[in-house]
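Next comes just one chain, in structure tokens: the form predicted on its own.
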């Protein structure tokens, strides 16, 4: 199990993480969501033992990860850059990973390589962005570690290759009982792959829970009243967004369908339609509620 409790971290007086608390049980596919600079990559580097916490506690299987060589043998981290490997061939990259992980499986590597059929003896500098990502991913999966952390896991991959890589990671979870934590700007990928997710904003956790709960807790309401509505008309529920367009009112509200319907019907609507939201929409409205107006995640 991975546990972070009240984690704080400053860089040059800039608070990057502020009281982050979250738990990731073994065998989960866990997603990190957030705008640029929210702290996603920092958390992955803390979990990998690259950074040291300044406040709070971080443990993996009950142990501190920083300077813990034995524990790090069970962790493989793929960051969002591959430039450090551009002088390697795929064969050289495989041997590089093999030096650090006693659990490295040649059989697993050959199986994954046969699916992608990447050139073994060409430098990664000649590869496309997607091919570089594929090369690093299959080497990481061949390490057969208990924990796999990926920053922008599907960056540069075309839709078909995303499905292939996703299936490779699912196999790792089934074969090794691996726990996978990934950050991604592609919210659809998080929704399809992860069962639990955390949303970060300005170094703080907005929510950390199972996606089924997240998806079931925010809804879009299309309704109509005799006069335009405002958020104050619905004190029983939390309104993230409200917009009046002619005779129609659109609401984004938190709560169960029963709670939302009851609150709206108190205002004598002409009709009420409650529609589930996608994770993309939930993210946008959660961030809007926090005052974030940027277009990039």
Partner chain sequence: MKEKTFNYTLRYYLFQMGRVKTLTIFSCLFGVLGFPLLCIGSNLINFSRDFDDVGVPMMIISYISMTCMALLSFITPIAVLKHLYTKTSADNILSLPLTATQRFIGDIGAILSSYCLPMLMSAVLSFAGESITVAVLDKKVWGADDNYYQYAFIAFFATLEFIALNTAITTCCGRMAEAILYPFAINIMLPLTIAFGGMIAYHECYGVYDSGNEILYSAVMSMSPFGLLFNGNSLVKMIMWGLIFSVIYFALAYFGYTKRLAQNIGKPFVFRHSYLITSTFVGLSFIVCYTWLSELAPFRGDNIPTTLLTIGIILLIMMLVMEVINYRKIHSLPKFSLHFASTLGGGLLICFLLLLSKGFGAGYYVPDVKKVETASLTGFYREEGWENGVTNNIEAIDETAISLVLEEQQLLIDNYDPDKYTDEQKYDGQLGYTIFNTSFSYTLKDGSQIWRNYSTDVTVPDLWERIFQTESYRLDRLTNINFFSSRLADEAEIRLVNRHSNKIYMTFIQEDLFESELYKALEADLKADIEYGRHDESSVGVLYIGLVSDYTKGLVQYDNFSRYTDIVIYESYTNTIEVLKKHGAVPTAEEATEDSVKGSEVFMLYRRKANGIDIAAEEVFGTENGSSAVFVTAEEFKDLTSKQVRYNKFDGDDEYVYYLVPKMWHYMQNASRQDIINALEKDGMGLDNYDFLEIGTNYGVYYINSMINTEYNDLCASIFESRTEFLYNETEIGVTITTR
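Keep in mind that this is a model prediction, so the values were computed, not measured. Residue numbers count along the first chain shown, from 1.
The discussion below concerns the form predicted together with the partner chain, not included here.
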### Query
residue 84: heavy atom within 4.5 Å of the partner chain in the model of the complex?
yes
### Message
Is it the case that residue 45, even though its partner is missing from this view, gets within 4.5 Å of the partner chain in the model of the complex, heavy atoms only?
### Response
yes
#### Entry: Close approach of residue 255 to the partner chain in the model of the complex, 4.5 Å, heavy atom
no
### Query
For residue 51, is any heavy atom within 4.5 Å of the partner chain in the model of the complex, or not?
yes
### Query
Of these, 95 to 103, 126 to 134, 217 to 225, 156 to 164, which stretch puts a heavy atom within 4.5 angstroms of the partner chain in the model of the complex?
95 to 103
## Note on the structure
None of 176, 79, 89, 186 but one has a heavy atom within 4.5 Å of the partner chain in the model of the complex; the exception is 79
### Proximity to the partner chain in the model of the complex, single hit among 192, 73, 210, 171 (heavy atom within 4.5 Å)
73
### Task
Could you list which residues of 125 to 156 come within 4.5 Å of the partner chain in the model of the complex, counting heavy atoms only?
none
